[in-house]
Each structure stands twice: as C-alpha cells, then as structure tokens.
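So this one's two forms of a single chain, laid out as structure tokens and tagged structure 1 and structure 2.
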Structure 1
Amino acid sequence: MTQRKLTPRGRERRNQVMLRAAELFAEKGYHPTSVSDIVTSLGVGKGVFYWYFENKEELFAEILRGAHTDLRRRQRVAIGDEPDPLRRIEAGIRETMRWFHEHRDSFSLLLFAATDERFAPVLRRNQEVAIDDTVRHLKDAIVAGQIPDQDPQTLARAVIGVLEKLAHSCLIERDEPLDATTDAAVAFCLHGLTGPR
C-alpha cells in the first residue's frame, strides 16, 4: 500500500489505532481480533482503519516494525556516545531486557508472528537490523582486543538469541526480577565473549 503523507493529527490517530490493535491482539490473539473489534473499541468507523491500513495483516506488520524501531531507539539512547565497545554492548543488553520487561504484550506478539509465515519477512528484516547493530559494536571490541577475533555475525546471533530466550523464559513466563535476569544476561554474554582465548 502507498504510504500516505499524514498530518500530525493523522499520525496521532494512526498510532492510536496501532496501540489499541496491539493491546487487543495481545489480549485476544491475532486471529480472533477483527477490524470491527479494533474500530469499535476506539469508537470510530471502519473507514478510519482503512484510511491508514489496507488490512489487518498490514496493521500487524506495522506493529512489529514499530516495536522494533522503539527498541532500537531505546538502545541508542542507552548506549549514547560511550567509547568503550564492551560497555556499549552491556548498555544495549540492559536496555533490551528492560524493554522486553516493559513491553510484554509486544513480546507475545513477536512470539505469535514467529509461528505465522506471513510475518516472516518483517521478522527477518528486524533480525537483520538487530544483528547489524550488534556486529558494529562487536567489531570495535575485536579491533580493541577486548574479545577474540571471531566471526562477529555468529557472535551477534548468539547474543541476540540469549537475550530473547532469557526474556521469554525468565521475564515473561516466570516473572523473575528484571535486575537479576539482566545481570545474568550481561554476565553470560560478556564472559562468553571475553572468556578464555
């Protein structure tokens, strides 16, 4: 669908539709939630929905992209202009775990999306971007001699995989304390990266 040029009010309305839809998808599930459910809960007509989105699938894909964009923004802020690559990696890990903890609904939507082939391209693209972001810091750490010279793509996949698994099993399923889970993630990832040479 061609992206419309939106006014500030239009962007706000579009965001309202996305936020409410994300809540309903997390609460009821993707398939049971209809466009009618979304617009009725907002007190608007279907025309509002179709002004911004071609269909429910496009809306869900936009929610996935928006969640990933928000996570990246938070990571960039947390990392700031830190010169030390390992400290940047740690800051990114800590902010990622905090984001997962604060956005449990978004995490459940990501888990669902991984089971539906329609959303595979969006998830793949989000994953590629996350890997590229992490690789940048890993390459800097390799050049600085802080971690052994290894394939940074493989290391990035390992770090991201650990964070996703810990967030799912510890924060979402078992509701374990954020700080303890984050400290474990940092210790495991950083010691795994800098361990015996």
Structure 2
Amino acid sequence: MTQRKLTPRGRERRNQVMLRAAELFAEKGYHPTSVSDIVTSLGVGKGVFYWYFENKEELFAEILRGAHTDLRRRQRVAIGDEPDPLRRIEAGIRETMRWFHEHRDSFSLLLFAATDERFAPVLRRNQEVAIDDTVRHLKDAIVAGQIPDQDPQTLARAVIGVLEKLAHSCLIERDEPLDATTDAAVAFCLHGLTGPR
C-alpha cells in the first residue's frame, strides 16, 4: 500500500529489499527479475514485498529516483564553490565517473531505464535536471568567453554521452579501472567544448 507508517525496523527492511532488488535488476535485468526472485533471495515471504511497495514498477522508479538524487548531491559537493566554470565542469565530470564506478549497479539501471519507454517519464525529468545543472556552468563559460556561443543543452548532452559510453565500456563490458579513461574523457570533453583555441 501507499505511504505506510513505518517503524525503524520497517524502514530497515524496506532498504534491504531495495538494495537487493537493485542488485538483481543490475545482474539479470529488470524484466527477467521476478518479485519471487527478490523475496526468495532475501529468505522472506512475498507479502513483505507488497507490504513495502505498491508493485515492481514503483519499486524500480524509486530506485532510479534515489540513484539520481545521490549522484546529484555528490556532484554538488564536488563542485563546491569553485569560481571557474570550466573547472566546475571538470570537477563534475570526475565526480560523475567516480560515482559510476562506486555504484555500477545503479549506473547500469539508469542506462536500462533510458531504453524502456515505461520509465521514460521518471528518467526524463531526472535527466533534464542533470542537464540544467551542467547548462548553468556552460552558460557561465560562454559569458566568460571560455567557450564559443553554442546551444548549451546540446553540449551538456554530448558530455554526458561521452561519460556514459566510456564508463559503460570500462565498468560493464571490460571491468577495468576508470582512472586513465577519466582523464581521456575530461580532455575530450573540454576540447570539444572550447573548440579550437
């Protein structure tokens, strides 16, 4: 049911279910993972799931929201009060790659959600927020004359595309560290943004 009263014990259980569900979704995929899979792997009855969540879809949407919120908070902290817009962007890029690395489960869930029309509404809103975050710094950089005047939304999406693809390739396809790749991503994106100096 929706909006249930939860004791501390209940809240902990709810978290358990969310965490395990995220693991299984990342491992086997959203659709192939059944509610029975989730509860069985926790050794609890199926009623537990439906006590804490409306259904499978709502649970997944909540995992997505949580992941996005966490990533955004991390970016905000990493950027701090750096005055130079380009340096803010670089800090954001590096922190994003670090987050992808630390939360590769959530990362792969975000990638999947982008391909499923069912979760498009949730994800679209998340992404627009993320893009607006970046766009703000891009506009500052344009005003400061650091990068030529172009559509900042498109630029922001290009940067995100680079990060997602490189992280996907390193973390999910090849299971390699991100350090060297992060430097390459930063260089590629910054030059892509600034154009011919």
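Just so it is clear, the model here is predicted, and its values are computed rather than measured. Structure 1's sequence is the ruler for residue numbers, which start at 1. C-alpha atoms forming the largest set that superposes within 1.5 Å between two forms make up the rigid core.
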Matching the form predicted in complex with the DNA against both blocks gives structure 2
Picking from His137, Phe60, Gln75, Ile147, the place where the chain hinges between its rigid parts between structures 1 and 2 is Phe60
Domain rotation angle of the smaller rigid part between structures 1 and 2, rounded to whole degrees, is 17
When only the core is superposed, Val35 shows a C-alpha shift between structures 1 and 2 in angstrom of 3.9
